[in-house]
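Listed next as structure tokens is one chain, alone, in the form predicted on its own.
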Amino acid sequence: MFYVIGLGLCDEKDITVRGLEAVKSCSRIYLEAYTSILMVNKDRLEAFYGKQLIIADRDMVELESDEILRDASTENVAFLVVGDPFGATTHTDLLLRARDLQIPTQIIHNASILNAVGCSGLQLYNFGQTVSLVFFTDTWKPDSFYDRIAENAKLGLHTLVLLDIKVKEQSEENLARCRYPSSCLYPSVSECACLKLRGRKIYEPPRYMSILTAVNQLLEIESIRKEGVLDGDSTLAIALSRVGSIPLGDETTDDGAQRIVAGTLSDLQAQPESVFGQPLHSLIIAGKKLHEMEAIYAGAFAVNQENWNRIANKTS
């Protein structure tokens, strides 16, 4: 049996009873470690599960699926996913490969950001298309998310924006050929230090997009597109961090606590980074048809209560 098991959002205790029973029955267990992360390390999981885990990075999942599925027709193999198993298309691809090999599969669901986002006070059935926001570079600023936000806005629906994470990404130097072909100091290709790097993989340190980076990128695209979809002073948004952990002030004041911060995009842009807590972060662009209960509930998290109420009253 090939199990794909959701781990939930926070720590080792978020796995379901059914999921834990399946893990304990498996001879090999892979931990997917690039579409999202838990808030505890691999050692904590292994101690709680009583099993050793194999880290499955992007290269392994996308290039070595046959190894992951090896012997799954005769023994139990598990693939552990942060959140819910169907939170990323990569996991669906693995299941399709298992189906092609006639390997029996079982899905064990869990909480994901797609349903836990209700902690913001916005109703789940009022959300439209979810979008992803990647880190911009000087030469690459994809803006397809803008059209999805616009489509949601026309229907008065909220947009969940999933912020980029970079885990075990190869460095640009490692991916590129000689960076200075016109002024290379090396007499031959074989001696060029840039090309020598291509023989071994060099990875960048992990990076997690912050709320401030996300807001700045959203407003940057608005300044380019100029279609009035996003406005710093009137677009309401809700920043989320570490959803699924203990909310700040409930039982802990630790920096790893769940935080919810609401305001206009400009309100959020004016806050210090520390206000938003530690990653992982997500951002909600509120629709323009806020229900009164949504406005009241989410308004409790506003950095500027008066400003939030003034704008929310126009939309509710």
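For every residue, the number given is its place in the sequence shown, counted from 1. No experiment lies behind these values; they were computed from the predicted model shown.
In what follows, reference is made to the form predicted together with another copy of the chain, a form of this protein that is not presented.
>> To test your reading of this chain, name the stretch in 213-221, 232-240, 74-82, 113-121 whose heavy atoms come within 4.5 Å of another copy of the chain in the predicted complex.
In response: Every other range fails; the passing one is 113-121.
> Among the candidate residues 207, 141, 225, 109, which is the single one with a non-hydrogen atom no more than 4.5 Å from another copy of the chain in the predicted complex?
Replying inline: Contact check passes for 109.
> Within 4.5 Å of another copy of the chain in the predicted complex, heavy atoms considered, which of 165, 133, 157, 103?
Replying inline: Here the answer is residue option 157.
> So, in the predicted complex, is residue 146 in contact with another copy of the chain at a 4.5 angstroms heavy atom limit?
Replying inline: Looking in the predicted complex, residue contacts with another copy of the chain do not include residue 146, since no heavy atom lies within 4.5 Å.
> Do residue 308 and another copy of the chain come within 4.5 Å of each other in the predicted complex, heavy atoms counted?
Replying inline: Heavy-atom contact with another copy of the chain at 4.5 Å: absent for residue 308.
> Using 4.5 Å between non-hydrogen atoms, is residue 296 touching another copy of the chain in the predicted complex?
Replying inline: Result yes; residue 296 sits at the interface with another copy of the chain in the predicted complex.
>> With a cut-off of 4.5 Å between heavy atoms, is residue 16 one of the residues that contacts another copy of the chain in the predicted complex?
In response: Residue-level check for residue 16: yes, a contact with another copy of the chain.
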